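Below, in structure tokens: the form predicted alone, a single chain.
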Amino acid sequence: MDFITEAAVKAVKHLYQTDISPNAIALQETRKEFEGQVTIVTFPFTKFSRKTPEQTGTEIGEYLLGNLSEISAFNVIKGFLNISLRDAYWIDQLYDEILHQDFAVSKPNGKKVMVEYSSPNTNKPLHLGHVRNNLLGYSVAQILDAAGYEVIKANLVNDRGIHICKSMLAWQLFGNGETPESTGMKGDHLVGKYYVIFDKEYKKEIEFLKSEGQTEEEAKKNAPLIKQAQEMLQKWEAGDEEVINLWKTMNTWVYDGFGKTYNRLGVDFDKFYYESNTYLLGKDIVEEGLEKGVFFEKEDGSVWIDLTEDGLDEKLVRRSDGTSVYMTQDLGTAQLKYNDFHMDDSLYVVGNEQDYHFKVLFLILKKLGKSWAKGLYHLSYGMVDLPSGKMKSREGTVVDADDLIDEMEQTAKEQTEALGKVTDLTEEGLLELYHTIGMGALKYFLLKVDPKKRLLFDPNESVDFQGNTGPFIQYTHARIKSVLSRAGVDYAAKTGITEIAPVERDLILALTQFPTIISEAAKGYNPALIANYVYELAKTYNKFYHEKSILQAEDEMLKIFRLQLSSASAKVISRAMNLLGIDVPERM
């Protein structure tokens, strides 16, 4: 509402002979208990007016009422100037802005951003933590795209290391040649099964060695299985053909399994990076850091960086035997990603247990003089907990992503059938509907909370058709589509309506906020802003739906206007949910 801001700047100039910046004008939505739609906070202006906040608000309000034809009335509550806008203003907003094809569509801003998310290990299936990661990363990418960025969705796959060798070795020792085809198991589940088997057998060996008199630490180091796994890793790094072929085979199984899970989650990627290709990349950066005096070498040949002056500690970047550590690899991968895409910003969607790692990584890159390091950002998120006993994982330790999706579809089916909302859909149509509702419930529940917060996820609560849930919003969309399909008239043309009801004005006001919400969500990398906005919009539409007759409106012009308002609401709800990666069904 720039016109109000501009007029308020002129009011302060006219009334108090003071020039102020438009940024000094704080506009906000008027609280529901007061008259008006827009509020100006007047406390900051009392230093110019030398009057009370109430007197200052009244003077500015009178100036605005006299100079802006869009304003119909104002009232002042303490230091808040509440402004009411004429019906004509809101009607124009609907026809001139909201109903246009390009409403809330940002022009390209010329900036490029990479969003890296998922980052799975190839020794086990995706789990509940990965689900929040994937949904958050995908949604942020969608929001940035809507805000005008060119977005690259990247996935850095952790496909090497001792943990990968553990699955490979266990399959070699205990697998009897099992394959996904021979067992009917998804490839990632099969490989995960052998990771669990390794752990069980390793623990048995530790207990045996302890019974022979070794300490816990000695037993962990001396257990034959761990020694064999370490030997396999050395062979892998040396390029042993047999080990490499086994690694490629089992990784293929895992990637196939991941692909199926990603498809069910509704997420995708533009670029894959693999740690098997990037783990040596940091070596050049270590040499660069030594040359620049950013790193230093200790007597044993190890290379470090001293970050104590920055409130951190000394950090190892290369071991004394010349091998790299994770930090070195991440330094090299960061450079590779920039070389590939030259993006302005790069987001890492990684859990908050890695907060310290990313502080160090970004600081090192800045100290190395990487100009692009200022655009790096760690989108840190909290863990997801489940009510105890709600779900059991396949291995009994973490909740498997595929099990969670199955559970959500089943819960959606039970809730839908209990409410008698099953329509005359085919069996295939019903399965698709249960998936849409189940995934909508899961995604909305995980995304409506600020990413930084830890959250408790209850599958049953998330599929409730009432309250702040995905299915409630999906049902609102289906309700609107049902009204529009029964309209029986063409509602494309502009009406000559001049007056609207408060509930209609409130709905238009809610719709006008969508572009600002997208912008704010993009700036804060926060899908929760979109989620809570679309919930409020759905509530506002339902209030309108219950208070005003649409298809039985008093006259044809009013009917068409309300159909237009309904159509605009459906489009914004659909688009907002799409930014969360959620589909909205036409029927429910």
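Nothing here was measured: the structure is a model prediction, and the numbers come from that model. Numbers for residues come from their place in the sequence shown, where the first is 1.
What comes next is about the form predicted together with the RNA, which is not displayed.
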{"query": "Which of 288 to 296, 256 to 264, 104 to 112, 461 to 469 sits within 4.5 Å of the RNA in the model of the complex, heavy atom basis", "finding": "461 to 469"}
{"query": "Heavy atom within 4.5 Å of the RNA in the model of the complex - the one residue of 145, 275, 87, 506 that qualifies", "finding": "275"}
{"query": "Heavy atom within 4.5 Å of the RNA in the model of the complex - residue from 359, 374, 235, 204", "finding": "359"}
{"query": "4.5 Å heavy atom contact, residue 186 and the RNA in the model of the complex", "finding": "no"}
{"query": "Residue 300: touches the RNA in the model of the complex, heavy atom cutoff 4.5 angstroms", "finding": "yes"}
{"query": "4.5 Å heavy atom contact, residue 551 and the RNA in the model of the complex", "finding": "yes"}
{"query": "Distance check, residue 415 to the RNA in the model of the complex, heavy atom within 4.5 Å", "finding": "yes"}
{"query": "Within 4.5 Å of the RNA in the model of the complex: residues from 32 to 60 (heavy atom criterion)", "finding": "34, 39, 41, 43, 44"}
{"query": "Note on residue 527-residue 461 C-alpha separation in the model of the complex, which departs from the shown form by 3 angstroms or more", "finding": "farther"}
{"query": "Pairwise C-alpha change, residue 136 versus residue 462, in the model of the complex against this form - closer or farther, 3 angstroms or more", "finding": "farther"}
